[in-house]
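Presented as structure tokens, the chain that follows is alone, the form predicted alone.
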């Protein structure tokens, strides 16, 4: 089968999985519901089922899709950026920085809300951005930017942020349950305000990424070759780093850290349809959203009525894949 045929087949399969994921996620929850109840909502406008299906479950499944799509797109961008299939949002320190900001807010006892968002989410968003900005500044030497230096500084900064996060949790153990939300990820607090905050960032980033996809393909040939072919390398790299950070920080600010999505999904999609970023960005986003919908469904139903942090599910799937990827690289 040709690459074009594989793309079409994958698109059809993903649409079917997306519809199935939405359907089962809407029917599953603490309150038993059936397809008949869902039909009553559609045709009779039952207010009770409206709260269950629309306010609670639909908002959750949409947020799971947006976060999964954002993390996968961020991972696809960073893997192309570093030319490394093991790159992801953790590499530049944004995930660790965002979790540090959230836990710092808990440690300081800040519980205010701003336009429907808790200070924990706001701290997470801006601390994720701040650590990447510092990493970017430190990776430049005499005004010259090097990707390899950014990679190493990002790993070191992420490790530092993680150690500070653990230290704050140790000092204030009574906030441990809240901290688990940020360290392992969850959609238990999802609502429509979070969706309206994350969605613009995702769609704007996807549009920009698609617009610059050809430039990312050129970067794969090396900076000098890309420059000679008309790519403004420094500007394009700054834009890609900025939108990858934006995607990861906005995701972590509403769901906590959900590991491995930005690592395994883009790599899996690349194996199926090839490395052309004009298609890789879109398919990675769609696949990541679907992957997180089903991961959230597993987290809610595997030990029902107890709900698992979604990060446990993604780690259980992603860790073996990461080991496989590492062995392949060797």
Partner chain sequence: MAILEVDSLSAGYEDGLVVKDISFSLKKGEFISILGRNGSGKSTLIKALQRLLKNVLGGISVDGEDIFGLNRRQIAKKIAFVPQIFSYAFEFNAMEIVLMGRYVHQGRLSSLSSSDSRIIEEVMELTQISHLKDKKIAHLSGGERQRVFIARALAQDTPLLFLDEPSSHLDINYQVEIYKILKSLQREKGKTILSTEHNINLVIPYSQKIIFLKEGKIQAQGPPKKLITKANIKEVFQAEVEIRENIHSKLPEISLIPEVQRTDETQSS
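Numbering follows the first chain given and starts at 1. The structure displayed is predicted, hence computed values, not measured ones.
Keep in mind that the form predicted in complex with its partner chain is missing from the display, and what follows is about it.
Residues 196, 238 and 242 are none of them found to lie within 4.5 Å of its partner chain in the predicted bound form, as judged by heavy atom distances. Comparing 64-72, 268-276, 296-304, 50-58 against its partner chain in the predicted bound form, the single stretch with non-hydrogen atoms within 4.5 angstroms of it is 268-276. Although the partner is absent here, residue 211 is a contact residue: one of its heavy atoms lies within 4.5 angstroms of its partner chain in the predicted bound form. Although the partner is absent from this view, residue 200 stays clear of its partner chain in the predicted bound form, with no non-hydrogen atom inside 4.5 angstroms. Of the heavy atoms in residue 138, none are within 4.5 Å of its partner chain in the predicted bound form. Mapping the unseen interface onto this chain, residue 156 falls outside it, with no heavy atom inside 4.5 Å of its partner chain in the predicted bound form. Think of it this way: in the predicted bound form, its partner chain has a heavy atom of just one of 149, 166, 188, 83 within 4.5 Å, and the residue is 83. The contact residue chosen from 231, 183, 119, 104 relative to its partner chain in the predicted bound form is 231, the criterion being a non-hydrogen atom within 4.5 angstroms. In the predicted bound form, the residues of 205-221 lying within 4.5 Å of its partner chain by at least one heavy atom are, in order, 210, 211, 212, 214, 215, 217, 218, 220, 221.
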